[in-house]
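Shown next as structure tokens: one chain only, the form predicted alone.
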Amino acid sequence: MLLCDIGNTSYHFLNHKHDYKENVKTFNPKTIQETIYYICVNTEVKKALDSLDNWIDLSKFIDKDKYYETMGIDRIFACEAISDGVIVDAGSAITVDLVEDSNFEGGFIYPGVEAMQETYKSISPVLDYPFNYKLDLTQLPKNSRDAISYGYLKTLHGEVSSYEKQIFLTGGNAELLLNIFPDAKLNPQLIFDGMKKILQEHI
């Protein structure tokens, strides 16, 4: 079974337990003959795939009324993967979504790590520090690096922890956040888990 999560820069494939990526600009989807089940946030790629019979769009099996109209399909499939908990998807943006009894209860979007570091840097070059993820969030900082780290991480930690749910971490920067959410479950393939669940229920 071949699954594919398509973003703005890459095709992310999962072939059983092996995952790999192809560049959106150079990869030709016609080169694959087997059936592929996919989701896609890239409108141009989606148009091209609509004409290929072996590429099956899993988003058509989702009850969109459970979510809001402009919610990204990748976030939706991550939510479909769990029945209860808080999903923190740490990519170019950090999205946080709450699921209770298999129902999406809402979520929010937070600046990603790189975006927030650029924000501090744009305020002043003296604030150009990498975040300290091993920071003690119970103590107010006494140096600049920890001060910007605290301002960013404490807010995220406090909001996510306030729901008192199991936390699921996914996305490219998820491992960094394990330092402030040590009891979280790290699952880089959470979106693929949602895709598998929809496949089992509908195909």
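From 1 onward, residues are counted along the sequence shown. If you're wondering where the values come from, they're calculated on a predicted model, not measured in any experiment.
Heads up, the form predicted in complex with another copy of the chain isn't pictured, but that's what we're talking about next.
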Can you work out whether another copy of the chain is within 4.5 angstroms of a heavy atom in all three of Y120, I123 and L127 in the model of the complex?
yes
Could you check which residue among Q166, S161, N143, T35 gets a heavy atom within 4.5 Å of another copy of the chain in the model of the complex?
N143
With a 4.5 Å heavy atom cut-off, would you call N54 a contact of another copy of the chain in the model of the complex?
no
Does another copy of the chain get within 4.5 angstroms of any non-hydrogen atom of F27 in the model of the complex?
no
Against another copy of the chain in the model of the complex, would K154 count as a contact residue? Criterion: heavy atoms within 4.5 Å.
yes
Any chance A174 has a heavy atom within 4.5 Å of another copy of the chain in the model of the complex?
no
Please determine, with the chain shown alone, which of 46-54, 65-73, 27-35, 174-182 has non-hydrogen atoms within 4.5 Å of another copy of the chain in the model of the complex.
65-73
At a 4.5 angstroms cut-off on non-hydrogen atoms, which residues of 86-113 are near another copy of the chain in the model of the complex? List them in order.
S92, A93, L98, F104, E105, G106, G107, F108, I109, Y110, P111, G112
